[in-house]
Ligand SMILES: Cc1cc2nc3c(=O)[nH]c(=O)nc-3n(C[C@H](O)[C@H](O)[C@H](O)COP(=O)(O)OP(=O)(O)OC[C@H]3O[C@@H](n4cnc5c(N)ncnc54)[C@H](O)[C@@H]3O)c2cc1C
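Only one chain is given next, in structure tokens, and it is the form predicted alone.
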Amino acid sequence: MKRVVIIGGGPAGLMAAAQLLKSDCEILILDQKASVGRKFLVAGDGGFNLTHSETPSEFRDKYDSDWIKQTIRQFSNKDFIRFLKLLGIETKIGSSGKIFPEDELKPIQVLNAWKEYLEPKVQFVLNARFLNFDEKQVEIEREGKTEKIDFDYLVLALGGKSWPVTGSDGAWTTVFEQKGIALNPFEASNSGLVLYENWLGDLEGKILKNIRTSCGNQSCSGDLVCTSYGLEGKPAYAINGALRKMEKPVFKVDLKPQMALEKVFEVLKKAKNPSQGLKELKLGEVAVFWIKNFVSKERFLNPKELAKVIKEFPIGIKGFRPIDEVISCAGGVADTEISEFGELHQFPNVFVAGEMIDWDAPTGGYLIQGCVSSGYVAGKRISKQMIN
């Protein structure tokens, strides 16, 4: 009987295993933590959305690389919803289009249902730390001892480098570099934005409501939250990718996206003074502070110019939060090193999946979906190869 070893018990590894249940093989899932799915559980703390209800084409557009888009095409958001139903997890669409479990199910309940689905066929080996691999064996450390495990197929779902407390510590990169497998540097993604000190003022905890950020071809509506170092919130996270490409990163904020430029101009023109105009536009404390401190006197006193500023307010950033604090990361195994199924060109029968591959996406269900889709294509490919 052939043996499939999966290193990493997150969504990518669990999904790979799910595609092998009908195959005549031994399946082992190894994880360096005392339980699987640690990052999956932490990700659910801020609102447990599993995927998104967009059309497949709209959904794929949220991803940055052709490799991950093709992977999503093979296992879409609609496919994931059907898989969750197979586990007994009914889903619902939230007001923003995000997909949540029905009945207010917690992440641990979804994870347990997934494990129960796998357990009749899958053996879980915990507290097992990945050390190395070759064409036939994977080396681990368990209970202070080094072991080598034979495999016919190996799936490495080792995670990226964000939230290292959950196991995604990026330690595997040294092994890959020694084998000459090309990696792209890890970078913070879906990160808060660090502003220059003079932009912070006494604004910590204040909210910039109902705005729209834009940078390059990325944009997002919502609320920005001021922190001691800068800005947090989905509109900040969504433009990370475009900001990372800039030598001197700057983004724009539409402080009044629900109102056309001409209408903003009319309000300002009719107001007895600019400050009164800002008040009539119902701009919040944060917006008013920034406008009064960073807009020249000439532009501030000119209703036409002030209207343009309000619709396209530029903000330069100092940088991003440290990678161990952020929701996800970009970087990892270059897609030139793998097949469309995640199989390493240098090591046939060894697959990579999940966040350890270089792809990026915003929050809102896209991160989990990218992981499960990459796990799906790896598991499905192995299943077909064993039949052939």
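Numbers follow the displayed sequence, beginning with 1. No experiment lies behind these values; they were computed from the predicted model shown.
Although not depicted, the form predicted together with this ligand is the subject of the following passage.
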property: Option touching this ligand, based on a heavy atom within 4.5 Å in the predicted complex, out of 339, 53, 363, 70; result: 363
property: Selected contact from 169, 147, 232, 266, since only one has a non-hydrogen atom within 4.5 angstroms of this ligand in the predicted complex; result: 169
property: Triple contact flag 352, 373 and 381 to this ligand in the predicted complex, non-hydrogen atom at 4.5 angstroms; result: no
property: Which of 330-338, 54-62, 29-37, 343-351 lines the interface with this ligand in the predicted complex (heavy atom within 4.5 Å); result: 29-37
property: Touches this ligand in the predicted complex: residue 163 (any heavy atom, 4.5 Å); result: yes
property: Contact label in the predicted complex: residue 255 to this ligand, heavy atom within 4.5 Å; result: no
property: 4.5 Å heavy atom contact, residue 20 to this ligand in the predicted complex; result: no
property: Contact label in the predicted complex: residue 157 to this ligand, heavy atom within 4.5 Å; result: yes
property: Partner contacts for 122-141, taking this ligand in the predicted complex and a 4.5 Å heavy atom cut-off; result: 128, 129, 130
